[in-house]
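This text opens with one protein chain seen in two forms, each one given by itself as structure tokens under the names structure 1 and structure 2.
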Structure 1
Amino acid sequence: MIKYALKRVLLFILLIPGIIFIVFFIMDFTPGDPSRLILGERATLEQRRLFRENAGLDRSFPVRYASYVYNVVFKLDFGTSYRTRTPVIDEILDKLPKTVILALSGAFFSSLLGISIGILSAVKQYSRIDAVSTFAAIFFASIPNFWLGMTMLLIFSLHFGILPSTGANTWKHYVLPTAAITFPFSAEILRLTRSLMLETVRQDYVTTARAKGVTEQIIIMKHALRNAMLPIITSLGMTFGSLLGGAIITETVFSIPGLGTHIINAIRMKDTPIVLASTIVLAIFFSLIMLAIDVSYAFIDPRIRARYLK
């Protein structure tokens, strides 16, 4: 059990340089000279050379990459912003919690809604509940979350004035943004849960249980659900990735000063170190969630537990 968890954690640590490599590699395609962008056209050649040297831009790609990984892993140093000349990690740590709260609460409510209605829909396949919820699911999966957010902002903040429209100071500020990501993503989870659950109810062991005369309720709760839960949890992890993307856009709708708006502003300002570091931090956060899901498996799935008991 602990052996399994340790193995997963080790794999996660090995993954970090890989994640950094991909983002680092993509950002390396940036054309043009950053010193020109940051210092302006009028800077002297000497100033530019100094800037490049300080930012370490005159070294080769492998050297820059290796020293970046070293600094991140051992010193938690993600570089300095081109614009403010301060360590980028300070601002990121300041903004990260807002994005994390939004993403996690969105994940919580959409799983709750998606899984429960998905199961209900599968159990009562072809009933009216099933028809309504599958249509609602495809509708909400097609709705742009930022548009849904704007619509709710218009109704609940501007028209009725019961919830704040922008900012992130109190829990009330999170109600609308959370709802804006919850609806589309619970729809996605509902569709997944329903199809996985339908697949499970058709397994032979469920038929056997029925033949034995086990009540429908016990079949669903004990046989079908427990087995469907594993693939459902796996797909939840992937959905969380797109939910995180949804949170980034939703932050813009409600002007939440989180990591999403931070990245977007940095892209506009061409502040590469901030983009690089924020992307890496969010990707690591996402991998941590996946790690937690994988390890929690070991507790749920007796097959994995058995494999590591010996």
Structure 2
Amino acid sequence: MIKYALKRVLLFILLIPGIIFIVFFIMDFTPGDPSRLILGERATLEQRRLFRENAGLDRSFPVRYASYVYNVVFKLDFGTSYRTRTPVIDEILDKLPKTVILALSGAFFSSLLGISIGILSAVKQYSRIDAVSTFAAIFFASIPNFWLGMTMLLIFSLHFGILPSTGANTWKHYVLPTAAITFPFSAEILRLTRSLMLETVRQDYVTTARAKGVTEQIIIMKHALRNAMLPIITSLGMTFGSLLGGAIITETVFSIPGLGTHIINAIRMKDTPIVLASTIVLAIFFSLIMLAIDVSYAFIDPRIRARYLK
């Protein structure tokens, strides 16, 4: 198990130069001059020249790329923001908690709603509960979260005035953005859970358990759900990774000063160190999530655990 985890960590370290190259290439060859965007139109040519020299933009692309990879891998130095002239990592650590809170809350409530209603829908197949939950899943899965967020803003903030519309100062500020990302993602988990449960409850081992007199609750929770959990856990991991990236849109709609909003502002200003470091941090989070998912397989499926322990 430990050997497998170390291999995954080593593989990610080897992928970091590739991630940096893609973002570096896109940011460097897109139109726009950081000195003009950050200093403004009134800046003189000398001011722009000094800005580019201090930021290292006067060097060639291969030199800047190699220097950045060396600093990140061997010195853990993610550079300095072009705009604020402060260490990038300090800005990210200030913004990241808000994004993580939003993504974790969205993933938690998505899994809670999706799995529980999915199980109920499968157990009560063709009932009114199944019909309503299936319709709700299709409805919310087809709605973009930014549209749902703006609709909630109009109803609960502007019309009723019961919840704040912007910011992230209290738990109330997270209610609407969490709901905006929970319903679409929970709809996907619901449909997946329902289909997997319907497949597992028809297996021979479930029929055998019923013949032995095992209660229906134990059959559903211990036998059927456990064997259906591997694809569900994979979906939950992908959901959390998607929420980390998708939180950018939600943060923009609700004006949450998180990492997503910070990345958008950095892209507009071509603040490449901010975009690079933020991408690396998000990639690290996503890789750790997928590693945790792979390890969790061993605790759910004895066959996988036996293979790990060889």
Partner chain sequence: MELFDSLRKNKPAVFGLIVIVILVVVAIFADMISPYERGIRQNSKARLQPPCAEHIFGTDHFGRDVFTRVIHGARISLFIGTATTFISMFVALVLGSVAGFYGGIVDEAIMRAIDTVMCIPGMLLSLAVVAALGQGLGNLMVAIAVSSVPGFTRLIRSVVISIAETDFIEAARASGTSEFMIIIRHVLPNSMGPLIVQSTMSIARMILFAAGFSFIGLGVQPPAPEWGAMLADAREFLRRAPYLMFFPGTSILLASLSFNLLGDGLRDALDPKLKL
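Note that the coordinates shown come from a computational prediction; the quantities given were computed from them, not determined experimentally. Numbers given to residues start at 1 and step along the sequence of structure 1. By rigid core we mean the largest C-alpha set that fits within 1.5 Å across both forms.
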Checklist outcome for this item: Output row: form predicted in complex with its partner chain located in structure 1
Checklist entry - Once you line up the core, how about G161: does its CA shift reach 2 Å between structures 1 and 2? => result no
Item to check | Rigid core fit then L50 CA moved by 2 Å or more between structures 1 and 2 | outcome: yes
Checklist entry - Superposing on the rigid core, does the Cα of L120 end up 2 Å or more away between structures 1 and 2? => result no
Checklist entry - Can you give the CA shift of T215 between structures 1 and 2, in Å, with the two forms fit on their core? => result 3.5
Next on the checklist: Keeping the rigid core superposed, can you check how far the CA atom of S60 moves between structures 1 and 2, in angstrom?
Outcome noted: 8.3
